[in-house]
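One chain follows as structure tokens, the form predicted alone.
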């Protein structure tokens, strides 16, 4: 969507091809037929440091449909119900988080001192350090910088699982260092949290559709691409599953890497450029949506330690049209061990945990449970993955890449997605200056855009 809007702004003729009958890729919502509520496929959160995403919302005129904290504040409870918080105060960076670390009750003072040392080391890193540290895990980096098992479990894991969708032993140190410095240390407001005030599809899709229509772009929804056709070294057309085809001067693929590679001819797929992406992996997320017969939670959201229930979002408060406090979304990231559980097992596990963590749920009646599993929710920023993320420019002169998994430097987020779309659009404009072209960002499934001439 970001690539299509930018190319349409520049005057290219754009056709946006999407496998599904709706836009949004892995950031969409639907109406639950039982409750009538808008349900997101997963709880998406952004931060004030997500400048490209916020600019995209501003361009579409929908920033008012999202809410953003004035200052970071996250309440964190342990299994005994003891609260603490990570919060920012009016001090220059990186001191804006110091009071919250000093009062963080889930770690002893000795660990707090070691955490302060690690944070200082992270603050002093730069992009060269991040790429150099990509080969080892963040857990290895933490151990090398004196972090105790308690600090790893009760602070670092909390931050990294939420932002990188994997545990610290499975996340590249370089990616983790980038996230913590960019999000938490270099701007007092960088980590202010933001949420859509309605379903994700309601936030963006109507405005993107209207924006593209006003610029004479074409939406080709429900069209699944089978492959690319070639003329020499250039891509010439998309071939759809129904046998039809679409010619274009240039193509922007916003496919996930595991869907892009099968579209390419074998020699490209196995070649030194595209072949790097073959070893990338994905990580799942599980969301358990629960409706109770009465309000059971007052906070907008809570984080929990020592529990598979990592984050609970009070969708009744975040979405103004739902009953306040009675609709919760339990979000479990890095959910490999929970993804394999059946609905009954997951429901029993989560409701049992909530009864201990939020005792009011034990006195309420559960009206509905809706579980959403995203097997390929994000790419996994594992150690060594940075060099396997591909740039926007490819060896094919009229094929460009977008997608949150490409080499944006960011983890798998809406921010990375928007940055990648902009990078692909700019690369295309440099390679093919506007004459009388049409552009099709993306190829097949999920988030795809295609440029036609």
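Residue numbers count along the first chain shown, from 1. Everything numeric in this text was worked out from a predicted model, so none of it was measured.
This next part talks about the form predicted together with a small molecule, which is not shown.
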> Taking heavy atoms only, is residue 414 within 4.5 angstroms of the small molecule in the predicted bound form?
Replying inline: yes
> With the cut-off set at 4.5 Å between non-hydrogen atoms, does residue 57 touch the small molecule in the predicted bound form?
Replying inline: no
> If you check in the predicted bound form, is residue 45 within 4.5 Å of the small molecule, heavy atoms only?
Replying inline: yes
>> Under a 4.5 Å heavy atom criterion, is residue 125 part of the interface with the small molecule in the predicted bound form?
In response: no
> What is the one choice in 202, 282, 259, 148 with a heavy atom within 4.5 Å of the small molecule in the predicted bound form?
Replying inline: 259
> Between the options 354, 255, 380, 330, which residue brings a heavy atom to within 4.5 Å of the small molecule in the predicted bound form?
Replying inline: 255
> Since the chain is shown here on its own, which stretch among 62 to 70, 382 to 390, 423 to 431, 398 to 406 would lie within 4.5 Å of the small molecule in the predicted bound form, judged by heavy atoms?
Replying inline: 398 to 406
>> On the criterion of a non-hydrogen atom at 4.5 angstroms or closer, are 164, 170 and 180 all touching the small molecule in the predicted bound form?
In response: no
